[in-house]
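Just the one chain here, laid out as structure tokens, in the form predicted alone.
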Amino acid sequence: MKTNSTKTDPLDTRPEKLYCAYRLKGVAASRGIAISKAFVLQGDSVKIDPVLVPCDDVETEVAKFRHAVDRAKGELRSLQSKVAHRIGQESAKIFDVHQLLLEDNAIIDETIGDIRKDKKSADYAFYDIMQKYQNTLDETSVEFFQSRISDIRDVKRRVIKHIQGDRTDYLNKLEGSAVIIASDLTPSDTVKLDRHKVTGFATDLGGRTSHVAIMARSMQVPAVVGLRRISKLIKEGDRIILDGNEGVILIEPDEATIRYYRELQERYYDTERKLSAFRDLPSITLDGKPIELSANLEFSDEAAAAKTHGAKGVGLFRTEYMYLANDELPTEDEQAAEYQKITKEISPDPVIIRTLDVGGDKEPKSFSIAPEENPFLGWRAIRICLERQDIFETQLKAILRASANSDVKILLPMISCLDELHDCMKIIDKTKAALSKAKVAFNEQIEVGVMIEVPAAAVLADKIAEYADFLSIGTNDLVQYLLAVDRGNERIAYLYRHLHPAVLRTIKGIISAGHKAGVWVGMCGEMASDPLSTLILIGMDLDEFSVTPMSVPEIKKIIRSTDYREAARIATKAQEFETASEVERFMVKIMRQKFKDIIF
């Protein structure tokens, strides 16, 4: 297709016409430009290579298939038992269809027949058979049959997972670098990626604060999400341009278009290099107000990047990856080693470690979470920790051990009432007592903060602040719950706006409540990394910004170029508008006047 353009910028070297096979517009999730080949992950989150096996290996493949089916049956029985115990027998019946599919002789015999007759690998044969049934149901409009598609898809994934074993190295087989294309990427998918080979992400689903978007910003690679059909349009190996600044994907562009985007890419990197001059400067406003500027980390090996970009400490260390990627729960020693790796790199600056926050879109491999109608409102985060105190206490011991010689703080996620906070404090005290009895060193006065990400906690912020040492605003979920907008749903992504007047009023209320109680208030959600929000948050008297490492220089430049009293006036004015669009237009106008070299 063709894209025509009109030049207005004298620095614009864009050709008169941009040519590509397809141009898709999605949600700009992580800034930057990638020009690379595509690596396509199939929509069912399993990668099947159409492999034929030697005659001598046929019976080995048959045995592998039978073993995988048996393991899948056992896995389902265990899951069904847990669901029956936790939710009830009626809910557990949803797995009956899955068991019947695994016991269907037609499916079993057809798969084995294809392995023996066509010499297909076990996963290749089973995938083809199940895909045939799935395609047949796709063609009918009868609701009952449509509802069976998800059952087939789940069984297909489950068996193939056991046939293939641990496929966490599938991206290690990449020759060179690539943009990852998928219908969606789960947290357990993304933690397995070889981050040295990934140059970007493009997905059908997702919004700006979906997990894949957060991961992309953490990895400092561009991403476009919410593209709806890219996984169907693109073939593996296709040349693509991914523009994370504009939220655009160009498939099979011509050479003139590639040259133009390479120049844009260089200009973007040049801007990043100029911002790096702020790395070692203090985070302080023009009129002398100091503001803490720290980093959000997904993995312990990102600690060096946080310091390189000029962050003073870690405002949020997400610990989920240790539970998402491994079949076994991480031990106390394993966790303590990870936390100490970060504290050693960051010291003497503080490190805030968030306790386990799985559930919702983050399904751990190390223990089972039963399927739920609405997982984002279900058994997740602190609710899991309070029920599985064995997991919680193990993690707390590891965090406390890391605090022995470093400035470590604990952050509790998804607190929705004071009862939960009090129960957490009792478990923390119990854990401290156990370590003291064992003569293990830790900081007796370790600070414990609460993540304000549930509307109930925002309303009760004044009461929570009486018991917490600090508050950290988690805008990713807070905005989602406050506006009733699924942040991973690309169809309603336009409604997810953290500059919504209701969000601004809520944040101002949280900050005021914390300060009235004498505790500091930070923000670790993605809003803190958004330069359009920075002046408003400074003006609301936010004490600490915790942002992605790559955002640190940009946010620091804004802070250092701002008069606090001016920011307070801007924040007051922003809260007077009636719609998010008005706030956004107001802030874009101000920021473009003040910061011509920052992308908005």
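Note that the structure is predicted; figures quoted are calculated from it, not measured. Quick note: we count residues from 1 along the sequence shown, nothing fancier.
Separately, the form predicted in complex with a small molecule exists; it is not shown, and the next lines address it.
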Requested in this report: Heavy atom within 4.5 Å of the small molecule in the model of the complex: which of I180, V212, M451, I160 fits that? Just give me the one.
Outcome: M451
Requested in this report: Just give me the single entry in S294, S403, T475, Q335 that has a non-hydrogen atom within 4.5 angstroms of the small molecule in the model of the complex.
Outcome: T475
Query raised in the report: Can you pick the stretch from 250 to 258, 269 to 277, 440 to 448, 517 to 525 whose heavy atoms fall within 4.5 Å of the small molecule in the model of the complex?
Result: 517 to 525
Requested in this report: Using the partner position in the model of the complex, report whether K312 sits within 4.5 Å of the small molecule, counting heavy atoms only.
Outcome: no
**Report entry** Proximity of R354 to the small molecule in the model of the complex, heavy atoms at 4.5 Å
**Finding:** yes
Report task. Using the partner position in the model of the complex, report whether H498 sits within 4.5 Å of the small molecule, counting heavy atoms only. Result -> no
Query raised in the report: in the model of the complex, does I399 have a heavy atom within 4.5 Å of the small molecule?
Result: no
